[in-house]
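This document opens with one chain alone, in structure tokens, the form predicted on its own.
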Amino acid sequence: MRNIKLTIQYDGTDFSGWQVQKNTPTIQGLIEKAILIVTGEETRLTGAGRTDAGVHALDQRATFKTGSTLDPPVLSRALNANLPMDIRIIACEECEDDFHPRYNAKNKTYTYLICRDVPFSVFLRRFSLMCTYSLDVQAMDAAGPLITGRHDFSSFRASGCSAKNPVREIYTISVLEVGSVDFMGFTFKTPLLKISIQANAFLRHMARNIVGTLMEVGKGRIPPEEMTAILESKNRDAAGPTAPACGLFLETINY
């Protein structure tokens, strides 16, 4: 059996997340269905991370085992022909038998986009949070580094998280103001906030809960220095609300 590695991009708006679910479309489920059509094999697709419903990916990785002899470029084209247009296989290659897209990952970066202009561009509504209030970006940028490092991130962990250990290591958190964004060959002069979090791994809703808390800092409801106390409390109720899924991207995975 060959071990095939896929690099996948998707617009997660219309899907119920990555993981297979009954009676609802998911990224994993649709790709497994495409694999069955192309190879005639029922197989389990193993992803690098389980993105939530509505979350997007620029660089999701996944592997599956197959007895098919199709060359990777042919396999990639065949899979794309059997997938909706908002899921694309952008790279396909054979890899070592022991390669695991999740456990071999050194770090992942999730990035969240907040659109800060009114009226908002209709072309960004699926990919960013439309924010109608002012945010103190300097305060948000000061708050982020206070929770970097190796910690118990229970304060930013959603209920129902299956991880046995809540300890993760965040390498960097940045809050960047962007004056424009390039999209489909056009430049939209729309002010955006780009919040990027790089960590060795993430708990369920961890990135969105950190973003929601940073937004509370930006609104002036939480002082930046309180981030340390929130982290140390290990209490989800101490942190801010969960940011909506629409603005979150799995941006990069490094191996």
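The shown structure was predicted, so the numbers you read here are calculated from the model rather than taken from an experiment. Don't overthink the numbering: it's just position in the shown sequence, from 1. We call the rigid core whatever largest set of C-alpha positions still superposes within 1.5 Å between the two forms.
Only in words, not in the display: the form predicted together with another copy of the chain, which the text now covers.
Partner-facing stretch of 201 to 209, 219 to 227, 35 to 43, 49 to 57, counted where any non-hydrogen atom is within 4.5 angstroms of another copy of the chain in the model of the complex: The contacting stretch here is 49 to 57.
Contact check for 10, 85 and 188 against another copy of the chain in the model of the complex, heavy atom at 4.5 Å: Every listed residue reaches another copy of the chain in the model of the complex, so yes.
Among the candidates 130, 78, 135, 146, the residue which, in the model of the complex, approaches another copy of the chain to within 4.5 Å (heavy atoms): Checked against the cut-off, the match is 130.
Looking at 31, 192, 215, 197, which is the one with a non-hydrogen atom within 4.5 Å of another copy of the chain in the model of the complex? Contact residue from the list: 192.
Check whether residue 170 has any heavy atom within 4.5 Å of a heavy atom of another copy of the chain in the model of the complex, and answer yes or no. Flag for residue 170 set to no.
How about residue 182 - does it come within 4.5 Å of another copy of the chain in the model of the complex, if we only consider non-hydrogen atoms? Residue 182 belongs to the contact set for another copy of the chain.
Partner contact for residue 151 in the model of the complex: another copy of the chain, 4.5 angstroms, heavy atom: Because no heavy atom of residue 151 falls inside 4.5 Å of another copy of the chain in the model of the complex, the answer is no.
Quick check on residue 155: any heavy atom within 4.5 Å of another copy of the chain in the model of the complex? The answer is no: residue 155 has no heavy atom within 4.5 Å of another copy of the chain.
What are the residues of 236 to 255, in order along the chain, with a heavy atom within 4.5 Å of another copy of the chain in the model of the complex? Read in sequence order, the residues that approach another copy of the chain (within 4.5 Å, in the model of the complex) are 249, 251.
Core-superposed C-alpha of residue 189 shifting 2 Å or more between the shown form and the other one: The answer is yes, as the C-alpha of residue 189 shifts between the shown form and the other one by 2 Å or more after core alignment.
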